[in-house]
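Take a look at this one chain, the form predicted on its own, written out in structure tokens.
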Amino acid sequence: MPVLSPSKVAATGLRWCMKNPRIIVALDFPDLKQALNFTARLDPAACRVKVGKELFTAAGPLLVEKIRNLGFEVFLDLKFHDIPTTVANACKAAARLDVWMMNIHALGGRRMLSAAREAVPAGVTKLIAVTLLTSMERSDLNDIGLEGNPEEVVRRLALLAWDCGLDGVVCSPLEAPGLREITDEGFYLVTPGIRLAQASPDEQKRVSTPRHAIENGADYLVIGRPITQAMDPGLILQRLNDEIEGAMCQIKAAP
């Protein structure tokens, strides 16, 4: 897909400055102690943090509370996917943790998405939907019987989430331009699969650099190993924020 036009990004992606951090650091640690020790090395003004399945299973709500007490906003990445009532109740429980954002899986369908939205009214916790995992490619879709290429499937699921009133979706940076063209400026695009230039993609298949993700219309970037495995994570975070801010300024200055 083509890179989003500067005018379109300027109208949608520049509604925040760095006071609203674009980077969400993925805390992919096995226990509470390691997660808290690492988080204490970061500046809550420079990023938000993501708590996923492994860490939440190991440490539970107590970890979320402790991270919030350090001044961080939390993205609870549990990808709820079950019958509508179960997902709605899970979302209510997550919202009580006062998390900034949570997600459910768009493949749960319209009734599940709508039930989750009703359980977490707009303006409380940001509720977004996962479209396709960034580890998936065309062969994976064939295995599970989904028709179309990843971009087509992501588009269908994103439009479903939008129609159900969700706040945004998780998508790869490669799909962001197409989604930004068909949704409005209040619909957030959260992009994992972010890697530094020359870095290994690991198990991710649909990846991009921070600059390209912003240019493509992403609102928030989920970044894990490039920061969590760095010798100086604070320095890497600063460089990434500088790269993002540079991309935004360049877009804003474009005619």
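The numbering used is simple: start at 1 and walk along the sequence shown. Small disclaimer: the values here were computed from a predicted structure and weren't measured.
Here the subject shifts to the form predicted in complex with a small molecule, a form of this protein not shown in this document.
The small molecule in the predicted bound form: contacting segment from 63-71, 37-45, 211-219, 22-30, heavy atom within 4.5 Å: Within 4.5 Å of the partner lies stretch 22-30.
I need to confirm a contact call. Of A158, C91, L132, L166, which residue comes within 4.5 Å of the small molecule in the predicted bound form, counting heavy atoms only? In short, L132.
In the predicted bound form, A116 touching the small molecule (heavy atom, 4.5 Å): No, A116 is distant from the partner.
Should V170 be counted as a contact of the small molecule in the predicted bound form, where contact means heavy atoms within 4.5 Å? Yes - in the predicted bound form, heavy atoms of V170 and the small molecule come within 4.5 Å of each other.
Does L189 make contact with the small molecule in the predicted bound form, using a 4.5 Å heavy atom cut-off? No.
Just checking whether R111 would be counted as a contact of the small molecule in the predicted bound form - the rule being heavy atoms within 4.5 angstroms. Contact check for R111: no, nothing within 4.5 Å of the small molecule in the predicted bound form.
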